[in-house]
Structure formats: C-alpha cells, structure tokens
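Here's a solo chain for you in structure tokens, the form predicted alone.
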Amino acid sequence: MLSTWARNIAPSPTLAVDAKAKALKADGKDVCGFGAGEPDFDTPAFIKDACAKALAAGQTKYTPTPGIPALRKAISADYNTRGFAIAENQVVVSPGGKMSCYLAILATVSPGDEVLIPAPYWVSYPEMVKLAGGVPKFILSGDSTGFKITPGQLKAAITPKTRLLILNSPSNPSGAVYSKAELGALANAALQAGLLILSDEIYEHLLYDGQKITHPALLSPAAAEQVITVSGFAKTYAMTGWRLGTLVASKEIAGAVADLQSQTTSNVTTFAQHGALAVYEHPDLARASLAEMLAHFDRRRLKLLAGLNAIPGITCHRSQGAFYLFPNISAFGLGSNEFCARLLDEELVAAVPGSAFGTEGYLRLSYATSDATIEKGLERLAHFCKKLA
C-alpha cells in the first residue's frame, strides 16, 4: 500500500525523544528533558506584535511564492551588508529551515547522485537526500578532531557521482564551529571538484567564546555561484513554531526552489512573514533579544559542560555554537540507544542517542532548558553512570 519513499523514510529520532518526554510529563512524571532542539524562550514581543498587527490588518491572503517583497528585500539587504551581492530574486522564504534544505536538495540532486554528509549530522539530511533519489555518503569525525572533517577526508570521499556537500556550522548535534581557514579549505576542495555546497547556517547567530560565522558563499566568486545558503528565524528568535526558513542562492537555483515550492506548499503563512520582517525593521530590539538569550545559553553551556566532565566515564568536547553538547559515553560499554532508553526509564532524563546522528558512543544534550533542569539532570545522569560503573 505504501510507496517506496514512505517505506524507506526514518522518523525523526529527536522528535520521538521529545514526544516521549512530553508524554511522561503529561502523566505527571518529573522528566528532565534535554532532547528538544528549540529555545525555551518565548518569541520576542515586538515580533509577535508585528504579526498580530498584520493579522488584524487583513494580511491573510496568498503572497508571492518566494515571500513577500518587503521581507525578501530586507533579507537580501542584510546579506549584502555582510559582503554578499544578492538580488531579491535570489532569496526564497520557505516554511521552515528544514523545508529550505529539502527544496535545495530537490533542486540540485538527481536520482543516483551522491551527497557527502559529515557525521555527526542533523538527522534529517540523509532522509532528505533519499527522498530526492540521491545516495547519502558519510564522512566520520569525532571528539578527537572537534567533530570536524578534514580536506583529506573530503577529497577521499569524492567520486564521479558526487554532486553536493552539506556543511553545517555551527553544528547540530555537536555545536562545532569551523574556523574560516578550516571551512575555506573544505569549500575549496569541494568547488575544485565541481560540487555544489549546501551551507546550513540556521545557528549562525548562536556563537560563543568569540567565534564568528564564516559564510562559504563569500570565499570566492565560484563559491557565490555554487553555494546555497540556508538560514531562518527559528533558533535566533525562538520562532520554531512559526516555520520561517530562508534560502539564498544563484538565480537559477533560487528560481528552481521557488518553482518547487509553488507546487508543494505555496507561500509561507502571510502574517508570519510580517512578524519576521520586524526583525529587520527593529534591529536594536532584535539585537537586544538575541543578546539576552545568548547570555543565558552561554551560562548554561558552561554549567552543563563542567557537570558532564565531572562525571567519571564521561568526556565532553567544548562546543562553541548552537545549544548542544555531545558527550562521549563509550566508556560504559552500552550502545547509545540502550544508554538513552535506560536513562529515560530509570532516571527520567531525556537525551538523544548519538546513533541518530550517525555517530555511535555519544549522546546529544540540549541546554535550551532551565538551569534547574540542568542541575537536576546532571545529578540523575551521575547517579545512572555510577550504577553502570
């Protein structure tokens, strides 16, 4: 009864963990949830007010598929202040960063094409590639390299069938951030081989320890044509439920993405786009809200990092972006699936197994949660690890 695509697709393990944790909470259980990939803050009031104003003003009809002109103009202007040369027709607003990534893959990957994905990777990349008829190929990294692949690894993985490289910095799940030199070396190797690059920069503003974002599209004129840059509003402004992703690419690719979107989702929710526009119309408020959230995230990051590394048997690399830590739990001799299942059942701590991200022996913990949850969760995790030891 089901299609090949439906039979072969894997459900999102991160959403599954979050759903189970919420179900336990609904049953009255005191769950410490570290599984959710979303800020625990509310969307800033000035964004919600702009959306409500648009709704009250009757902004409820269809818009152009790639987004309302004012928003696309604001997005292109923002990128141009960073060194891009982007026209409005190179911008597509889609219903979520996930859809932006998927449409980019659909627009560039044909059946049988290979797509290189550094691991650990965001869980949806391989499934998106498979839905496009492509073949995901993984390049493994670990905490010994800061969860970063090398140009040598990349070159060794390229074959005549390779079409696309997916890069994600800052990274979900590791929080790794490539330096400009590191990212430049990877991009140059890919571009010299004629590959397209999908640069998923959804966490671009969530950086710590003085890190700065590197845009692969700015590395060279060739990169400007061959790099597809995806971002959005979800992580930066706590707008995960708004479903607003952005894509910037060459006119040819952006046009193809808009055509695909016109036959699938049409336009993003109209009044939500007016809420996003407020980010550019009120830059001082946007910066202030981001700074406040980052201060909380940074404090939690360091608290969780110190607590993890204080637990015998756990080692954790210091992430510098996003809101995740990816501790190594291989010393306990359990697969990450079993480790996380038992941790939830026995200690009511929800985490996502590293196997979901293509890297066994780790688990992902989100510190987009309260300080009290972090403290309680660390106590329970320490107790669980002591039992295993």
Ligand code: PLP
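Note that residue numbering follows the sequence shown and begins at 1. Since the structure is predicted, the reported quantities are computational estimates derived from the model, not experimental observations.
Heads up, the form predicted in complex with the ligand isn't pictured, but that's what we're talking about next.
Participant: Just one of 215, 300, 235, 317 has a heavy atom within 4.5 angstroms of the ligand in the model of the complex, so which one?
Facilitator: Contact with the ligand in the model of the complex is made by 235 alone.
Participant: Of 79, 102, 122, 147, which residue is found within 4.5 angstroms of the ligand in the model of the complex when only non-hydrogen atoms are counted?
Facilitator: Contact check passes for 122.
Participant: Is residue 274 close enough to the ligand in the model of the complex to count, meaning some heavy atom within 4.5 Å?
Facilitator: Close contact is absent here: in the model of the complex, residue 274 is far from the ligand, nothing within 4.5 Å, heavy atoms only.
Participant: Using heavy atoms and a 4.5 Å limit, would one call residue 118 a contact residue for the ligand in the model of the complex?
Facilitator: Because no heavy atom of residue 118 falls inside 4.5 Å of the ligand in the model of the complex, the answer is no.
Participant: If we define contact as a non-hydrogen atom of the residue within 4.5 angstroms of the partner, is residue 243 a contact of the ligand in the model of the complex?
Facilitator: Residue 243: contacts the ligand in the model of the complex.
Participant: Counting only non-hydrogen atoms and a 4.5 angstroms cut-off, does residue 98 reach the ligand in the model of the complex?
Facilitator: Taking the distances in the model of the complex, the answer for residue 98 is yes, it comes within 4.5 Å of the ligand.
Participant: The chain here is shown without the ligand. Which stretch in 133-141, 261-269, 280-288, 235-243 comes within 4.5 angstroms of it in the model of the complex, by heavy atom distance?
Facilitator: Of the options given, it is 235-243.
Participant: For the heavy atom contacts within 4.5 Å of the ligand in the model of the complex, list the residues of 60-80 involved, in sequence order.
Facilitator: Nothing in this stretch is in contact.
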